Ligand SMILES: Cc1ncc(COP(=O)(O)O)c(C=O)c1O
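What follows is a single chain, given as structure tokens, in the form predicted on its own.
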């Protein structure tokens, strides 16, 4: 008997998770394993994160939360965008998800029609394409090799766009290459996108504070304000605060798009864990442990 529909059958389980579980099994058997599968920091979250979570539990009142996320945390995230990126967002332009991965899931769920294309520069994080496919979209993998610094260029982007293109997927700093887009590189992409009003942009900035060299990080939203009404900036606490298991991601974008993401979340997981949000709120006004 077949239980899966064609969308579920067309994708595979997360390769990074499969490798991580295999590594854990080998380690439990006494093997000396170096696990490079997951983007998991090798230190614990700062003490004030746990303290804030414990305080929230002892204070009581841990109940269902708003689908958009705790208002106090959204205020702290708005302050983060202003402080770190020079971006101004209102609370209804910010949402909180169960990790950045769920925000990507909800974004494609809310926006993709069957056959819509999502341009994904490669090398890339392994789950982008499968999440697109699961929602009826078509991942368009675009090879960006060492000759372009593992980044998509304006010429490559222009050639990849078709009438079916719905999203451009950007990731800077990149998983797995560590490549970072400069202001000039973003500006060149902006010029191409200016003539493509149907194309939306996801800027996955989860590795914002994990830099492998001297090049500074800059947010796509900071450099390309003309595309503000077509840009979803995705981030979270998993990397910078070593809070991978707490599952708190966040995003900022146009009010109508954020409202749609909130609707998707209300019908799927209802809301993000209130304890995890309290923990993040407790650290929101402090710089990440691992920062530039």
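No experiment lies behind these values; they were computed from the predicted model shown. Residue numbers count along the first chain shown, from 1.
Same protein, other form: the form predicted in complex with this ligand, not shown, and the subject of what follows.
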| property | result |
| --- | --- |
| One stretch from 100-108, 187-195, 69-77, 143-151 that, in the predicted complex, holds residues within 4.5 Å of this ligand by heavy atom | 100-108 |
| Option touching this ligand, based on a heavy atom within 4.5 Å in the predicted complex, out of 175, 133, 165, 85 | 175 |
| Candidate spot 89, 203 and 230, all three touching this ligand in the predicted complex (heavy atom, 4.5 Å) | no |
| Proximity of residue 81 to this ligand in the predicted complex, heavy atoms at 4.5 Å | no |
| is_contact(residue 217, this ligand) in the predicted complex, heavy atom dist at most 4.5 Å | no |
| Exercise: residue 238 in contact with this ligand in the predicted complex, heavy atom 4.5 Å | yes |
| Stretch 114-146: residues contacting this ligand in the predicted complex, 4.5 Å heavy atom cut-off | 125, 128 |
